[in-house]
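The chain below stands alone and is given in structure tokens; this is the form predicted alone.
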């Protein structure tokens, strides 16, 4: 089944390169995404597979299964959205569709990798497959953003490779980077080499994740890529390096090095929150604001992991809510752009007056982005704040509150400006109408976001508890 999940989008991507018509490639995209999602959801009904204790290249624990599910849900939503989006594009979508499916294959490989070297290869593949998606419109700005993304992320991946090599050196007698072996023999890993590898791995994968100060590729890449691709990058692709960092956290906890990795993660998290707070206040571009919101949320997740076992549950819950919200908001931004032909929040005004449903969805997305109750992000952030106070990290808790307050003010200014009726313009004279394919995935994601804010299902709560146990810690 794991090979099927990898090879299905891989073969679909190769087929997309040879299909003669744009319409056939769109059908292929939705078909592969639907089958992939159905197969991933089917994995939950079969229980957790036993990967054994020996060396295996492919395996699926609860962490990988959760990340894979988030990826598959978002990819299916984006695929449906692209049906209407690509209809307005006259250019050939051969490379776009092919790379999109190959990206799904590489993200799936990240989720099921049980070897730290294979995990690194899969993450590098996600960079190569996503770069053509950013430059889809072929403008100078798109091309520049794509190259910036490739260069900065490649430097980060190179550092992660050095960290993986150092991790192999630390393995000593058994000399392997199979995840099972590393976890089972963590107590005999050479501490000095392991600590050095952790630093390189966190910086390397933190660059791909978009943590400050390695986040500089993110605003341009998200702003210049097509809106649905921005949602996929922000929601699904960032989950891949998060999983890599979760693997590092697992190893350190088993090796009794929690006290070493946790302060590093807390510093990286707080720094990301601070950078996001500063830049969100001055943003006028909607997509760039969402990019800095992504930096903020990556910081929240890193901070939660740094606070230890008490914050693992809310950190994983925040990961889910952030991924769904980013996909939701970027697709919403795509609809607004198609009507207003601008990403400037000063030009996007009177949304509710022109389309009440779009106005309501904008408010729902804003509530989830800024953690206004009853959004799921509110509960995850409150629980992370509580963990910081309980562990007596009072300075961290104070900075957490201050930075989130500043971010709220910056986002509220832009959201209210877009929601309320503004000056008359030629766009306001025409109705804001969107095809079903552009609204259906937004409504589905919005319903899930709202439901998670009102109630956490018992099944999901048990899964999150299992991730907490899998990560271990003090």
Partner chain sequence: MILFSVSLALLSAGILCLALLRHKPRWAENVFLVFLTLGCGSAFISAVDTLIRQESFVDRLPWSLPWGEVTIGIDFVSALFLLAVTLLCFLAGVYGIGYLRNGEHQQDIAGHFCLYLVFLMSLMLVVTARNAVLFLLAWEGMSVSSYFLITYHDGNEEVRQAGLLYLIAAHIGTLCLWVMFILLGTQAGSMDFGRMSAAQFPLMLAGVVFVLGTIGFGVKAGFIPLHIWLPHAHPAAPSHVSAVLSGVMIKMGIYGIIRLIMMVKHFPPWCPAVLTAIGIVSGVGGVLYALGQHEIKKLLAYHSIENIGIIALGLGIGLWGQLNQYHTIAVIGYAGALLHVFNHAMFKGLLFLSAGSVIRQTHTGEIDHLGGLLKYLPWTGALFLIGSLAICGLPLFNGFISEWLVYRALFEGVFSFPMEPVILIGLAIIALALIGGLALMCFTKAFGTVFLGQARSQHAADLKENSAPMIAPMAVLAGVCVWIGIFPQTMVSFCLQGAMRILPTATNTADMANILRPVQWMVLSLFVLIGISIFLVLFRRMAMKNMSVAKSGTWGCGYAAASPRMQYTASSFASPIVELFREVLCLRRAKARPQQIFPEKVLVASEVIDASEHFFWRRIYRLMQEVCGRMKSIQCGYAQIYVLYIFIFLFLILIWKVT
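Residue numbers count along the first chain shown, from 1. Not measured: the values here are computed from a predicted model.
Just so it is clear, the following notes concern the form predicted together with its partner chain, a form of the same protein that is not shown.
- In the model of the complex, no heavy atom of residue 296 sits within 4.5 Å of its partner chain.
- Taking non-hydrogen atoms only, residue 148 approaches its partner chain to within 4.5 angstroms in the model of the complex.
- Shown alone here, residue 83 lies farther than 4.5 Å from its partner chain in the model of the complex, counting heavy atoms only.
- Not displayed here, its partner chain is approached by residue 292 to within 4.5 Å at the level of heavy atoms in the model of the complex.
- For the options 35, 416, 443, 27, the one in contact with its partner chain in the model of the complex, meaning a heavy atom within 4.5 Å, is 416.
- Think of it this way: in the model of the complex, its partner chain has a heavy atom of just one of 60, 439, 406, 448 within 4.5 Å, and the residue is 406.
- With its partner chain omitted here, the record of contacts in the model of the complex names 275-283 of 275-283, 325-333, 67-75, 238-246, defined by a heavy atom within 4.5 Å.
- When contacts are defined as a non-hydrogen atom within 4.5 Å, all of 155, 267 and 356 contact its partner chain in the model of the complex.
- Taking its partner chain as it sits in the model of the complex, the stretch 178-205 comes within 4.5 angstroms of it through a non-hydrogen atom at 196, 199, 200, 203.
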